[in-house]
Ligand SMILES: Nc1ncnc2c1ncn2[C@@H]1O[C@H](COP(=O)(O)OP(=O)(O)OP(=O)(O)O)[C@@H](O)[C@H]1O
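In the block that follows, a single chain appears as structure tokens, in the form predicted on its own.
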């Protein structure tokens, strides 16, 4: 039975840490610039990348840091790794740290891969004998045997990352810090990296993982922290913190649209969370749409497996001989997950003329993994087999899937399994 969290040993203790950056709006690049400015200092504003951050990271746990770009995630990792010094506050670390932060950090571009392995080992306070004992494993994991004696300035970003990760995980650290750098590797190498991270977890290492990949955070982490404007605004179980992250993004997008005047009412439908791109030749207009639950109530958040309805009302402004109405479902990264229309399902619609209208409803069970999704809507003319868009709205609807039944992968096919045995 696991010990209560408060009784576990602390690997990293962050106490009231503050770190600022100066954002200059003008620069004095020369003495002449300074003289012409009358000796006035360049204008700048202060950005608090970390604003009174405190947290205890327990030994043997894996933590995920999530949040928008610029929220302070990478700055917090650098403070823990002692790469930067905060304005105030303290960071106490118990154990050897190995960090994968900015791509190529700690590498000398003019030295070979071999020489950089020894350089990084020395930075991590390993003796030459310890580095030599690990050298073959590092090279084998990186799969850079052919290039190990080439200067690293000739390496691609993927090769940089391979070598950096191979070094980081083969020096036997107590604490592993990983920033977004794994995103540059190829799929096969990423899988090997994640398997090695799983091995580290099984060995009781402490890992702090920064990523924009919500699914990776949920898969890898025991606990997650949500940062916003230099503060930890939420912490807890990854699935709950990821949901809080999506909710925060939705609120910010709604506020941005109101501020920029992009809010639009379409027959009472709230479009504040939608990012709209609309085009078409105008023979028909999508006048209303709604995202509804099984009871027909408008919703913005559902659970995996909930039955949902997408309702669309179209008004025709001209003759459309072969109207086809459809929807497409997309992941938060823009991946097309599913698309359907009445032509695909073999349900033809009669030709329409100006003043006619139709209402279509798409009903489906949303066996989707937790996350944010969008729906595009469209009405086209399929005369002569060519789909000519009359009105198409990209990402018209945005909705969240909250914690529900666990989904392995992006969605659940609800497959039936038949097993035949002998004996």
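Computed from a prediction, not measured in an experiment: that's the story for all the values here. Residue numbers count along the first chain shown, from 1.
One more form of this protein exists, namely the form predicted together with the ligand; it is left out here, but the text below deals with it.
Here the chain stands alone, but in the predicted bound form its contact with the ligand, taken as any heavy atom within 4.5 Å, falls in 71-79 among 71-79, 119-127, 283-291, 217-225.
Looking at residue 247, you'd find every heavy atom of it more than 4.5 angstroms from the ligand in the predicted bound form. The closest heavy atom approach of residue 368 to the ligand in the predicted bound form falls outside 4.5 Å.
When contacts are judged by a 4.5 Å heavy atom cut-off, residue 377 does not count as touching the ligand in the predicted bound form. The closest heavy atom approach of residue 23 to the ligand in the predicted bound form falls within 4.5 Å.
Using a 4.5 Å cut-off to the ligand in the predicted bound form, each of 49, 180 and 212 places a heavy atom inside that distance. Contacts between stretch 371-386 and the ligand, counted in the predicted bound form as any heavy atom lying within 4.5 Å, involve no residue at all.
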